[in-house]
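Next up: just one chain, as structure tokens, the form predicted alone.
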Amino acid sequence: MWSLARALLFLFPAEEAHEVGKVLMRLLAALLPAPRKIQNNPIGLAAGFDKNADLLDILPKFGFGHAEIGTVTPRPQGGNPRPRLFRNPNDRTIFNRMGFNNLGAGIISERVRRIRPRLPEGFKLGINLGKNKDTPDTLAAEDYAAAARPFLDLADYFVINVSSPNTPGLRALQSPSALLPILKRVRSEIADAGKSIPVWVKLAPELTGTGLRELIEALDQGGVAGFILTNTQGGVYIDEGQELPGGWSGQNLTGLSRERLNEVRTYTSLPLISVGGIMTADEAIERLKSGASEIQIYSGFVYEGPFLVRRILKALRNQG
């Protein structure tokens, strides 16, 4: 049935198909039982799929144990001009150059506030933080703190996103000198509110070797809770002869994301969340065996359908 539904959805341009897909998910969710409690579930929805918490209330019905909302910026942001989302079904890949389009921290936090009491016990909510496109790097730390502020009594964890290839210059913040002040400022915002919320950092798959090791070690010393590996792989998409910069996800990212997981595991004992190219239950199990404490799904959910998470959970149970 999913093959038929996917074929129909893929008749639409990718971004429109995503919106139609959300409507179909709501219709399907009405037929599914709602779990009362989440236990021993390491599978989450990756950031970018539910930017504005449109689906947050129904995600547990599809088997997710956590969800990462966003990327959320302090002020509403329209993102890059369309078209900005593309599919390549033959390669089972997705190319996105969305550009942190979202309703802004204020509106999204109020939406989350209404939904949060209805989420099952044990379901974890992450907020992926970004800076507005027009905010200079010198003020980036303030933007990340401002994006976190409305969620201080709602989030189970925060993620500092400096690894998206869709905002010009953002990846330049992936250095100890730039990233440590952002981490410090967000943690200070949390502490000033009397809260204890872990702060993770999401990194690009292209980072490797000495530079990656030094960054991991510096952030480890700076109080980061863990690392999310990885974001999309930077590249270009040729649309009617025009080169559009953005990021690739899906099956092409499987090997690269797995490599970064294995590499970073040698640099730190902190928890790691693996995301990128997890298209099957076997790959999900491989990531967990390789040292990921949790995994996240995005492209696999698009290509394999809404019951991929349940298949992974079943495979994990069969593993014992």
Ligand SMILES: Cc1cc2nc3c(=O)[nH]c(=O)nc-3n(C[C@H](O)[C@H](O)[C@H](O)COP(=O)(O)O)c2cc1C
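From a predicted model like this one, the values you see are computed outputs, not experimental measurements. Residue numbers here begin at 1 and follow the sequence given.
A second form of this protein, the form predicted in complex with the named molecule, is not displayed here; the remarks below concern that form.
- Only one of 73, 109, 249, 167 lies close to the named molecule in the model of the complex, with a heavy atom inside 4.5 Å, and it is 249.
- Partner contacts here mean any heavy atom within 4.5 Å of the named molecule in the model of the complex, and among 144 to 152, 73 to 81, 118 to 126, 229 to 237 they occur only in 229 to 237.
- The named molecule is not shown here, and in the model of the complex it never comes within 4.5 Å of any heavy atom of residue 131.
- Although the partner is absent here, residue 94 is a contact residue: one of its heavy atoms lies within 4.5 angstroms of the named molecule in the model of the complex.
- The named molecule in the model of the complex comes within 4.5 Å of no heavy atom belonging to residue 258.
- The closest non-hydrogen atom of residue 48 lies within 4.5 Å of the named molecule in the model of the complex.
- Applying a 4.5 Å heavy atom cutoff to the named molecule in the model of the complex picks out 85, 94, 96, 98, 100 from 72 to 101, in order along the sequence.
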